[in-house]
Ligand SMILES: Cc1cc2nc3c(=O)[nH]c(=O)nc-3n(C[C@H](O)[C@H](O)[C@H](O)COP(=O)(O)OP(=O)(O)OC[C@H]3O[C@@H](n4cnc5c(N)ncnc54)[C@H](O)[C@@H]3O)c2cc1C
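Okay, so here's just one chain, in structure tokens, the form predicted on its own.
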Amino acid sequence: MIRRDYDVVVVGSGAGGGTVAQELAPLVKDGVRVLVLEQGPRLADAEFTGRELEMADALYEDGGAFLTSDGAMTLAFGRALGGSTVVYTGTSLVAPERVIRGWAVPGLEHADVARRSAKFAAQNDVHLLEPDLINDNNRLFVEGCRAAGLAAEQFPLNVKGCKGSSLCNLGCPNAAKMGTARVQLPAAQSAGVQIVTRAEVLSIRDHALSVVVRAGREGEKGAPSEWEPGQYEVRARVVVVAGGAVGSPALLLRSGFGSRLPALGAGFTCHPAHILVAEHERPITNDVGHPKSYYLDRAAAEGYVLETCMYFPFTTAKNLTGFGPAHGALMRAFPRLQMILVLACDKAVPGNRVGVDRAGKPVVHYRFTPQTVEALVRATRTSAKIFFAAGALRVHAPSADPPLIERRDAGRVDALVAARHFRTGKVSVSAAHLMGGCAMGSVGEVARSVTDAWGRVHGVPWLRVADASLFPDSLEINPYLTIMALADRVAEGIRSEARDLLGAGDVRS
């Protein structure tokens, strides 16, 4: 066992961990030793090839197919330096005021979240994509919404020099996406923060982390770890857990914190989603250009959000129901397909939670509530109407009977799409907005929360959480800016307590 000593160790390098690393970097000049441990590898720019199966294995946990315990839903989250900011589409929205108010976390105000979100939006070059970069897939969504009496909104995106590869979810091959691996982590490293990849934290006990550093498999993408492979004990005065809504609660549970924190792992939400496709008469530009430029926010009114999307052949094929000639015909129509991603704004309910198995590996228990299914059905009906209003010949809707709705039946969409056709395990559902498990709440309120509004774990002042697991309920929009805002608060809290926690001066600014 090799022993290493630091003042602050950050576990994870995504939107939460990368932000904390950057915001704690000013401490380094005062002699504070800051370390980031990332389970995944560090990829060179040339290794982002855009090839679907190759990049899925290289960038995602379980190749992007981490299954819930009943096998009914896949969860997609990154496993590389930069975490899920490597594989998202760069959509950058500020949390709705009604959602933050509804969370009712004492000491957490929407104005503060919005101010910090604006700071990172500026840092990440967030802007609206220029009109000449909008492809047909997005344009048809806007036109269909307008014809259906709905108002689509444009996503602000954190891209710089986007070349329209449409491969955001496979890691941008043009280095255009401004995730933490492009912005915050290089800034932290240049200020003296140390980053070690391929380093999995097995447990945390009394200021000590048990870490295993692994060598890459033969032929695997990514640089070797900065440390020699082996077992390490890393001692730290402060530990910040930022392993995501699956990784963070699982790490704390297998470290034994569940006995003192009964809410640990509870309150998991994820915006369950599935893809709808529509076939047009002529080819459209769909697999070139930014894939996710517009959305329709019906969260407050009807419990769902629609987003433009364009997925790759394997992912598309997996999401279509059925087999054989009908399935093949739709796939051969790929150049004529328009896509919409429907997302349900699920709620934290008892039973939906993160646990660990006997080996300590994360297990996500999730059931679709009737409210979630109804939201997906309403979203599907609206999407079908948008497709037909945009001129589609037919629409593939997994919760319809039959699942392929022809244009002649466009007036019967409400009758054809129904909750009774949504069969768990038969409809391909996935989620990438993973939230909850270490919920914020009132100070010391261990029955209902894990941390306070500054990510301090109840009763463990040296342990902090800084990622989407802090969300007490679903955010109802894309979460990365909110994660960064909350992580910024966690870092500020550590800096303001540096004298007590680290023996260093107060370095708030």
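Throughout, we count residues from 1 along the sequence that is shown. Quantities reported herein were computed from a predicted structural model and do not represent experimental measurements.
A second form of this protein, the form predicted together with the ligand, is not displayed here; the remarks below concern that form.
When the ligand is superposed onto this form from its pose in the predicted complex, none of its atoms lies within 2.4 Å of a backbone or C-beta atom, and the site is open. Note that among 450 to 458, 64 to 72, 437 to 445, 478 to 486, the stretch whose heavy atoms approach the ligand to within 4.5 Å in the predicted complex is 478 to 486.
Using a 4.5 angstroms limit between non-hydrogen atoms, Ala242 touches the ligand in the predicted complex.
Although the partner is absent here, Tyr88 lies within 4.5 Å of the ligand in the predicted complex, judged by heavy atoms. When contacts are judged by a 4.5 Å heavy atom cut-off, Ala80 counts as touching the ligand in the predicted complex. Shown alone here, Ser84 lies within 4.5 Å of the ligand in the predicted complex, counting heavy atoms only. The contact with the ligand in the predicted complex, taken as any heavy atom within 4.5 Å, belongs to Glu200 out of Glu302, Asp297, Glu374, Glu200. No member of the trio Val105, Thr269 and Asp346 reaches the ligand in the predicted complex with any non-hydrogen atom inside 4.5 Å. Residues of 384 to 404 placing a heavy atom within 4.5 Å of the ligand in the predicted complex: none.
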